[in-house]
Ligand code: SAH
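Quick setup: one chain, the form predicted alone, written in structure tokens, and binding and motion questions come after.
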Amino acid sequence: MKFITDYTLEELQRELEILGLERYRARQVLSWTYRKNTTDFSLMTDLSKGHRTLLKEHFSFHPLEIVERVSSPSATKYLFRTLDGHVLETVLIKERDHLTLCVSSQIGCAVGCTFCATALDGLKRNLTTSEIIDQFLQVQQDTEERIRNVVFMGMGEPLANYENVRKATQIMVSPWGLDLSKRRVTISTSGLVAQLRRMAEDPVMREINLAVSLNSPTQAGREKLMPLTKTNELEELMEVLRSYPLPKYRRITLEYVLIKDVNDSEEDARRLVRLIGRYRKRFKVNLIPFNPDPNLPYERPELKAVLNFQRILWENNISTFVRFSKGAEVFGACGQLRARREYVKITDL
């Protein structure tokens, strides 16, 4: 079965031509899918009954099945099952005046960050474009308020699944697709240098927001926390980020998970100041106090240490914000997403 959400407009036009349909029918189908949030061909009333039957015979919409929903005041975590039996997680975050959807790009992760529960299961496989988009569609159908923000910060390393993430991003920001603002879509990466260079030259990917997990201001520190740093060295990463083509009025977010007695000292803060150097206007820093997990050996720093770290950066004119991740109550916060976990079912679907 082919999934409508695997196609760009141009690709779907070609597919429909093969079936003997006019090219403009593709826009009609995508308008129903993304603007009207309709994934039932029988409801697409500007298509003839014969066209609807033909489309239903060749295409479907949902490669994922929602198997569980776990809610807290700050977030709702959805568990999806793929057609081949894998489980992935998606988190809807409730902000003060909008909703943000944290989508997964892989089942598991091969990066191996020692502070991240997702890494414990290793990498199972990449998600397809339709599996990424279907996370958005099904969660949007489950909530009354429109989802305005999407962050690729769920399970997996987005840039390790570059082609599918790129196509999903194109669908998200295109007028014929979900029509999200490019300023409201964010790719979060652990710092794959070669893929960042590719992203910098990509007319679709370079227009969206970029967040990079730094987590230590030294090469040795990053290697302990993030094994990929051995082949994606810090200085090379910073060189790419210093020359990355930013849209006007945008900055690169440096994400820094603060871990007690590991990377939260005053000296670590001063090293980070030196690493950023004269490029203060190019970056902003998000400090994320570590989200505890019973399977990981780390602890969250005291609030005093977090604020002290922030103060040092602020005193050196580096925009720095403390982000207490939402959804920790349901293991849906940063670094907590994991397919193999025993869950308590709170809400049955």
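Only a predicted model underlies this, so the values are computations on that prediction, with no experimental measurement involved. Don't overthink the numbering: it's just position in the shown sequence, from 1.
Only in words, not in the display: the form predicted in complex with S-adenosyl-L-homocysteine, which the text now covers.
Between the options Glu89, Asp134, Asp264, Glu157, the residue in contact with S-adenosyl-L-homocysteine in the predicted bound form by a heavy atom within 4.5 angstroms is Glu157. Checking Leu64, Ile288, Leu30, Leu313 for any heavy atom within 4.5 Å of S-adenosyl-L-homocysteine in the predicted bound form turns up a single hit: Ile288. Contact with S-adenosyl-L-homocysteine in the predicted bound form, judged as any non-hydrogen atom within 4.5 angstroms, is confined among 78-86, 112-120, 229-237, 139-147 to 112-120. Although the partner is absent here, Val257 sits close enough that one of its heavy atoms falls within 4.5 Å of S-adenosyl-L-homocysteine in the predicted bound form.
The closest heavy atom approach of Asn164 to S-adenosyl-L-homocysteine in the predicted bound form falls outside 4.5 Å. Not displayed here, S-adenosyl-L-homocysteine is kept clear of Met205 by more than 4.5 Å at the level of heavy atoms in the predicted bound form. At a distance threshold of 4.5 angstroms between non-hydrogen atoms, Ser188 is in contact with S-adenosyl-L-homocysteine in the predicted bound form.
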